[in-house]
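Here you get one chain, nothing else, as structure tokens; it is the form predicted alone.
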Amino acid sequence: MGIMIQNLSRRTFLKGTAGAGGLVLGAQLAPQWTFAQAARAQSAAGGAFNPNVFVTVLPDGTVSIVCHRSEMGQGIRTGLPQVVADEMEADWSRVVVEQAPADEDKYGYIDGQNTDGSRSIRHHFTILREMGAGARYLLEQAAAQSWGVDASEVYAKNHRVYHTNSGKSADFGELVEVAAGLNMPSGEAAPKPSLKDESEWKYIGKVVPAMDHFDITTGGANYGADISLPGMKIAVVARCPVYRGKVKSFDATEAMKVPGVEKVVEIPALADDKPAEFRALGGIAVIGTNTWSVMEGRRALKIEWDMGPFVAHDTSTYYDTLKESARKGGAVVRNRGDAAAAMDGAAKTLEAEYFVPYFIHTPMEPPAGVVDATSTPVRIFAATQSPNESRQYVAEALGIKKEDVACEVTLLGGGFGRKSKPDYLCEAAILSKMVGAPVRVQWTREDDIQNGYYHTASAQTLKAAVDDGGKCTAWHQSGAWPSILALWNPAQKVGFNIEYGLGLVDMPYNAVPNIRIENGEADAMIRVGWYRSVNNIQHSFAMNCFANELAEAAGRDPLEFMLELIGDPTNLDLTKDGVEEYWNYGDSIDDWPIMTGRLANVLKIAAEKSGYGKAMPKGHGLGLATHRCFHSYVATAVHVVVGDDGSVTIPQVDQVIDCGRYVNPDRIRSQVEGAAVYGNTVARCGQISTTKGAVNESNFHDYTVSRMSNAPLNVRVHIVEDYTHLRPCGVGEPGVPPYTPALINAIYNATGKRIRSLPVRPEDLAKA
């Protein structure tokens, strides 16, 4: 790919932006194009140019860098600017960050603006370096021109440009006027701004304080619920307790008596032939002057519901159906050798079933957003992971073009995938149009738990064979789960390549001569949506725990056995096993191969750092697990103490992550530490259940999450440096999947009890 970088300072479309009057750079991705080809294409288009990322140097020397991704605690508003600032030799204390509005033509130059898939750094690292280098190049050229010297005699350092021979220097701000009139080099023979050598980096790979921490910790940060517009109304919505149910009738008499309630209106139910996707499903909205009033008004509503087609969804029986489907199997998604024949002739076989229930994201900030449908363009202000999809679905809800909708992104108080789904913004748009004023729709914790998008439930059946020497000769795995794809195609009964590529076909244990993986059918009876690390959770849980069981059956040390299952260092070619459409997180397998050596490496380090193999007191156990997720390789070692009453204490967790090239180690540590806490919720707390289609849980009293009293006490994060010469990988999600199996394996080592179904409860572990 080629990157076209241009000086945009004089472009008329920039008038009125923060860059007006300064030096402004833009980048445009030109796949397989040279700079010259890109320049010719621009000329042929009449000079039109749609920039994606801007770097602005203002006359006072302030460097403003646009962040085109959403900040939800992962530190991206610090990480992306770090890369640019390093290459341009900016003084970090003089760097400010501007949040990009939704505009994929300008800012979505590789993969849109959706903040998901742990891809912000891995997809933009090189482009951002080139952006910074381009800014440095122009500033150096401006200094050389101003001083009448050759450009080879000047260099940028810490926000100034110096002349080597005379000692002259100038601040970046002093050079803006001249630099703004210069052009980036073009043509096939033109020099390309040079990138700094790694040894010269002062921000990349270093701890840099987070941009937003001061505002966040002092109350100065703005989230979705903080937005207030003149004349704005507040709304909450009563939604049918059952997915795709509808309003039969309602009585708003008592609701209208609540002071502050101004209107009660119906959001029409989504048409039966319209898939849910991220659309508003309908309900009764209470609109008024403040949040308390409309919530009280909603409590006073009298609604008769038509519960719709999914009233029969009862998890007590549905989960059994999933398990039966997993046992039965179905579509073959990977096949090597002849697993069935190997099982028949094996010295020993082992079979086990694993299960995870539905989960819900529970970000600390429930969904909230403002839409002003009275303005032109329609304006959205929201805590959203997907600003352009927000524009798309709001436009559809209003019957207008996407181009007629603008979206400004606030900080997100957590997201985990929930806030990539703009159904709450569709509700705000519909209501704003109805009442002729801006409307903020506020979801409560109960709303989100009972009417949200759920991490899919999953049943996995595994069977394996070992020979007389204790080696695994066959691995057969079959899973069943309602697919995310059902949001678009309700008839979908099996998974698809993305779900298969989330740690299933690319399983960690590949050094087995016979492997067969199948996918059984499952009906989707609730809104299933992506959740932090998505299907990697259930796949890692089943595979790592089963490997531990298999090691015991073979009479082998678990670590030794797991390393043998991973095999010798190699790059896997899944096409040899009939995997025709391996997703690989949307990336080239050549650029991000599946490297077994890296997987084994993190596992060895986790064992070493945790003291694996040491004698432990009664009731103590140490468990291991490893997984490749969003291209990163993570291994987890959990030390657990289980009391006679089944109580669980986790004195130490060692998380080892190999994420290739990284930008800010402090943000990696915080995300991986958080992943351990999130994984603790998956393993021990969360569980969504339904009765007659309705979700039973409603808030943190019955949908519990990790708290200080039961969270891991000491999470030690070890960042692997061995592969930092390779491309950046994901960080936000990979730490979650191996935590649960490491904990479950540790519990077995402490108690002798095998846990194959989540969540694990104290009563499951208490001594009789």
Partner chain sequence: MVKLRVNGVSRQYNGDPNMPLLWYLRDELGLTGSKYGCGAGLCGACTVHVDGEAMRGCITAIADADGKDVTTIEGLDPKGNHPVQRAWRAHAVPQCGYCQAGQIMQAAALLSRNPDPSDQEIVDSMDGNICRCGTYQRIFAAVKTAATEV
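Quantities reported herein were computed from a predicted structural model and do not represent experimental measurements. Numbering follows the first chain given and starts at 1.
A second form of this protein, the form predicted together with the partner chain, is not displayed here; the remarks below concern that form.
In the predicted bound form, which of the listed residues (364, 332, 340, 589) lies with a heavy atom within 4.5 Å of the partner chain? None of the others qualify; the residue that does is 364.
Consider the chain as shown here, without its partner, and state which of 502, 234, 562, 85 has a heavy atom within 4.5 Å of the partner chain in the predicted bound form. Comparing distances to the partner chain in the predicted bound form, the residue within 4.5 Å is 234.
Looking at heavy atoms inside 4.5 Å, which stretch does the partner chain contact in the predicted bound form, given the options 176-184, 214-222, 614-622, 309-317? That would be 214-222.
Contact with the partner chain in the predicted bound form for residue 667, defined as at least one heavy atom pair within 4.5 Å: yes or no? Yes.
I'd like to check something about residue 546: if you look in the predicted bound form, is any of its heavy atoms closer than or equal to 4.5 Å to a heavy atom of the partner chain? No, residue 546 sits far enough from the partner chain in the predicted bound form that none of its heavy atoms falls within 4.5 Å.
Would you please decide whether residue 445 lies within 4.5 angstroms of the partner chain in the predicted bound form, comparing each non-hydrogen atom pair? Answer yes; at least one heavy atom of residue 445 falls within 4.5 Å of the partner chain in the predicted bound form.
Interface membership of residue 724, the partner chain in the predicted bound form, 4.5 Å heavy atom rule: Answer no; every heavy atom of residue 724 is more than 4.5 Å from the partner chain in the predicted bound form.
Heavy atom within 4.5 Å of the partner chain in the predicted bound form - qualifying residues of 701-732: Heavy-atom contacts to the partner chain in the predicted bound form: 701, 705, 706, 707, 708, 709, 711, 712, 713, 714, 715.
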